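Heads up, the chain below is alone and in the form predicted alone; it's given as structure tokens.
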Amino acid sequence: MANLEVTFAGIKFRNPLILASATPGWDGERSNRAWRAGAGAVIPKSFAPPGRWGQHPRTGRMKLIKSGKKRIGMVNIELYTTMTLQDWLDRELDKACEGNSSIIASVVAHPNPEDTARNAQIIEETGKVVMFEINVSCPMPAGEDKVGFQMGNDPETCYRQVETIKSAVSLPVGIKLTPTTHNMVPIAQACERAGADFLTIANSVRSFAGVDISTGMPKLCAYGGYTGPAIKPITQRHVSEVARAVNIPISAVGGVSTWEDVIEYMMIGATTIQICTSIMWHGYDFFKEVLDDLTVYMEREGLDSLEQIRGKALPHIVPIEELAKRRPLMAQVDPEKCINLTKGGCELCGDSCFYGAIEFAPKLILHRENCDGCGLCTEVCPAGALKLLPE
């Protein structure tokens, strides 16, 4: 049996999959359900928000984003836990901890970091959590108190939050950064200097759910957070950039819908992987499905530990200026695979070529001298008949 254990910020987890802080962990019972389903650790919804963010709008707050009938994402206007911190202390943490589960406490960063630290101290005294994740990344609030992503865009503010909480507790402390930034690296480095034990990258992307064109009304009447498969490339950009700029471990979260996504995140530097939207769409058993597939992958690849693949892809990510200097590639067609050449009819590659490299007269003719090496034709070909090869 493959060994899926990982050590993250000094804490050993039974596997790298973590329930991200969100709806599936809104109370102790649901948090524990994720643990029983196989999660390596669980992060309940963020504790102790400023008072005016303590309740959700109960008017519909989630909209699926689809391409045709396929779900590609979701916009939500979820906020923090609707329970008081005392509710969690009195009963919910006990429920969450059943079965010796590993609980990571997500603590909302208050405008005054001393208030954040005070809540963290109270939670640590219960002895029921293994580490802290400071939330400076919720994409919804945009008021004068500057909670959520507004904090997460300021390196100095993040520094003060980490520094203050680290001085108040003994457990590992990480911080959940916002993808709503053009460059996460300076923020991540500031958190590392302040003593952060890990980084979580990232939260949902601040977004708008669209308009019902039959009524002219917004599908959701407030800005929300975009999650699901479509945000994975955005999050992976942040993870890979930060992984090369800091020395502390990373927990990646964003768009995980398959076991392959987990491996990808590890290969660009993540140690643990948080999952939320896929649990909301498929249920807690999604953890077991991914874990089973990871076990098969490790056995097939002969891996003793997932640490063997962490960061494997990072050395191969280069600036576009370097990429432009490499030997040019041009499209080449395999006539035995090409549907147009063997059966006729398919002209998808022609619709995607804007350089005059593909012509149908009526069969496919490839003008390689016109090919600009963009590779779009190879991506749209349903038969895999086109490849980019050296000129």
Ligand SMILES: Cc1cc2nc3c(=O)[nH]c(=O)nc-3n(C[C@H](O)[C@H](O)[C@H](O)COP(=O)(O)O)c2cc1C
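Here the structure is a predicted model, which means the values were calculated and not measured. Residue positions are given as counts along the sequence shown, with the first one as 1.
Not pictured, yet referred to below: the form predicted in complex with the ligand.
Here the chain stands by itself, but in the predicted complex one stretch of 39-47, 332-340, 63-71, 353-361, 39-47, has heavy atoms within 4.5 Å of the ligand. Within this chain, Ala22 lines the site of the ligand in the predicted complex, having a heavy atom no more than 4.5 Å away. Not displayed here, the ligand is approached by Val253 to within 4.5 Å at the level of heavy atoms in the predicted complex. Although the partner is absent here, His238 lies well away from the ligand in the predicted complex, with no heavy atom inside 4.5 Å.
Remark: Thr227 counts among the residues lining the ligand in the predicted complex, judged by a heavy atom distance of 4.5 Å or less. Cys276 is the sole member of Ile103, Cys276, Val147, Ala120 with a non-hydrogen atom within 4.5 Å of the ligand in the predicted complex. Only one of Ile263, Leu79, Met131, Ala168 lies close to the ligand in the predicted complex, with a heavy atom inside 4.5 Å, and it is Leu79. Shown without its partner, the chain has Ala202, Asn203, Ser204 in segment 193-223 as residues with a non-hydrogen atom within 4.5 angstroms of the ligand in the predicted complex.
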